[in-house]
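Single chain ahead, written as structure tokens, the form predicted alone.
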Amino acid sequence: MSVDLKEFRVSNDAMNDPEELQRRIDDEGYLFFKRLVDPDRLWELRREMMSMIQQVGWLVAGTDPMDGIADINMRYTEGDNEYSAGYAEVYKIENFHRSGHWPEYLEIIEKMVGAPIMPHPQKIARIWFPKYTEHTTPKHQDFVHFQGSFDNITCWAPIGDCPIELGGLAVIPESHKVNRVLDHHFSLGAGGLIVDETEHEDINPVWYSTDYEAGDALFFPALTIHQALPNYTEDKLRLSLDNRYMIVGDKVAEHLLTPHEPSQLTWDDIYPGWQSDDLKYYWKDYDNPVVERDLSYGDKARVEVLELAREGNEHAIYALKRGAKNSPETVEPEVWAILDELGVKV
């Protein structure tokens, strides 16, 4: 990342002061805690998840999975069929889903929003390879992806230590005060949408992050602008939790009640190997209004990617080629025409 990063404000001093937590997140648009969760719980989860990641072939065989030594020849990312195949195995892990329900997260979020909350069932693991920086999650607001309510809270937590060079999360404090969804455009990286914070005079484009340690947690509402930092390490895989929470009774977008799309799984695919039933379909016990997903953000990006590809934009061409390779039966004739015109082989 080319800009200087400032250090997060640590809010452990206010953990037992709900009014102060509410004041800080309303004012600054994020809350960061050191070792909110016992690090040993994250290390145990890391062992389980990294062991599976090694089984699917993404770590160097024979290395300790806790070290996360990536096989550079197996670099995949969200949007690749190969990524979905491996991610599906990780996504079935019961303890991964349970981590989104850890009381340390639930209790602090209820304090910061001042209301009962429900974790979204769509838990997310982020698995990012080194030396793949063009696919780093771009600058964006979460609302374009997860929708429902501006009051939704994201919790990002590293599964293990995550120094700056491994690619943790960065935010722009107070950027949520725009109180609106900003224009997003096509980009590579998770979600495929990017916002240019410098285009908006009411945003001070100063980025904050930290050298995360196991047990740390970052929280922010759906309008706070954030991004992943590039994984500049030589051979380390970055593994993190990326979960969202809603105030009980708020609207929830229908797609947030399904498994994370890159897994290509259904709940019936996920649950058979679980040891306990208490979290299966737990959201059905809540009376939250379900709303349709707003597809306009993605539709706009799809128009842009076609225009950019015609102009020779390498990222746009890559995106079209990947889509054609992954699901040729669903690709529009216009995409095939552009690829043929550019002489791109799929």
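Residue numbers run from 1 along the displayed sequence. Quick caveat: nothing in here was measured; it's all calculated off a predicted structure.
Keep in mind that the form predicted in complex with a small molecule is missing from the display, and what follows is about it.
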(message) Even though the partner isn't displayed, in the predicted bound form is residue 142 close enough to the small molecule, meaning a heavy atom within 4.5 Å?
(response) yes
(message) So in the predicted bound form, is the small molecule close enough to residue 242 to count as touching (4.5 Å, heavy atoms)?
(response) yes
(message) Does any part of residue 159 reach within 4.5 Å of the small molecule in the predicted bound form? Heavy atoms only, please.
(response) no
(message) Can you tell me whether residue 253 touches the small molecule? I mean in the predicted bound form, with a 4.5 angstroms heavy atom cut-off.
(response) no
(message) Counting any heavy atom within 4.5 Å as contact, can you tell me which stretch out of 261-269, 200-208, 224-232, 101-109 lines the small molecule in the predicted bound form?
(response) 224-232
(request) Could you work out which of 147, 187, 154, 122 is the residue within 4.5 angstroms of the small molecule in the predicted bound form, going by heavy atoms? (result) 154
(message) If the cut-off is 4.5 angstroms on heavy atoms, which of these, 169, 195, 217, 117, is the one near the small molecule in the predicted bound form?
(response) 169
